[in-house]
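This document opens with one chain alone, in structure tokens, the form predicted on its own.
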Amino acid sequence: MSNFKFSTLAMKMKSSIIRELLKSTNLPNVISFGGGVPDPGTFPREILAKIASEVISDEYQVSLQYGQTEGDPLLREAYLDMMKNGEGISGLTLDNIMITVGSQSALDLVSKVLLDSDSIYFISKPAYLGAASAFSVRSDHHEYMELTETGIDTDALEKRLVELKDEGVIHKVKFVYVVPNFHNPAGVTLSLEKREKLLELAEEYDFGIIEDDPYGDLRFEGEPIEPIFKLGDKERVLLLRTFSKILSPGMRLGFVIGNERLLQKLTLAKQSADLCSPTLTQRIAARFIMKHDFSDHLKPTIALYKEKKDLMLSELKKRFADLPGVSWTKPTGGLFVWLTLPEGFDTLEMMDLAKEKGVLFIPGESFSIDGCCNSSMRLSFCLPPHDKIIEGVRRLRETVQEYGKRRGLL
């Protein structure tokens, strides 16, 4: 037992079930649909190895030294060029971008800079658990937004904003947090109409929008939808991006793009948190995107993940179509499928049986702040090879069948 006296903040911290499940990923005969862990075959390891050698040998005075808190200017400039050439997002300077240690670091910094204990923020239901954990330790006042096939329910959001205004607390609403493309965990995408509506509401009720977009580049089908950041502007929208899903999670590189004043505050928060992001991986990434076409790099990754997604959906249909009350999302990109079982199923309780069967998933309760979504689960299709996806879904059906019979639900 520790003799140290923990803070109120520390007492609110909870262990991530994904981090715990990742410890079981390498157990023999276990198939994991758990963490959104990229397929290592997608890493351009030979190219990165060559660049790393050059960067360490020729640019050691930068790559092996402390760096700027805001991030390597070379990488920031290169990423702004990527946004301009690839998405038509222009008019930004180095003052509008900073580099963080992955997106999770950015979410933690956002919570420090924007949330007080009595602040109100909006988050989807189900919610990305990394954001939920970062925000909930700062404020207890979350507001859920139900998800539909086209993203958050903006009509319900507007109704709730009206109520908060009538209650005299609308000034406490700090931001709406959204994962617009291939939502984690639900896999759905926010429609253009709803993106525009969200911007209108932000203007009317004076709150910010946190646009967390780790998966937008992993589109398998359909045309890209304009980022909220591009539809609006940097004064109202803070855009979060990462290389974790499209280059390498081990490089731990996140990008925060927004208003200069907000970036200055985030920089101050980062100084006290970690001083600067790793200079070595930043310079390697900078040289990679300066020398290689990122869209060409992603083509085989997208093709592979589409194959795996199609296979998982096909196997789910094969194994679960005969079970009444079972449904799942059909994402057009990203890494996740959201599977919902009939009422009465508790996927957290079902985890022990699933481990016995040799299959892992993330229970729906993990994607909530107050214990909802109990009958759902997130399935990630990016890491397991094709044959393991087939076998894993078979084991999942066995698990659901046995659990349902034990509880008298089937």
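In case it trips you up, residue 1 is the first one in the sequence shown, and so on. Please read these numbers as outputs of a predicted model, since none were measured by experiment.
What follows is about the form predicted together with a small molecule, which we do not show.
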When the contact criterion is heavy atoms within 4.5 Å, does L107 count as touching the small molecule in the predicted bound form?
yes
Is there a non-hydrogen atom of G102 within 4.5 angstroms of a non-hydrogen atom of the small molecule in the predicted bound form?
yes
State yes or no: in the predicted bound form, is some non-hydrogen atom of D212 no more than 4.5 angstroms from a non-hydrogen atom of the small molecule?
yes
Answer yes if any heavy atom of Y177 is within 4.5 Å of a heavy atom of the small molecule in the predicted bound form; otherwise answer no.
yes
One residue of S124, S277, N184, T189 in contact with the small molecule, assessed in the predicted bound form (non-hydrogen atom, 4.5 angstroms):
N184
Give me the residue from K308, R138, R252, R287 that has a heavy atom within 4.5 Å of the small molecule in the predicted bound form.
R252
Pick from 243-251, 158-166, 311-319, 227-235: which stretch has a heavy atom within 4.5 Å of the small molecule in the predicted bound form?
243-251
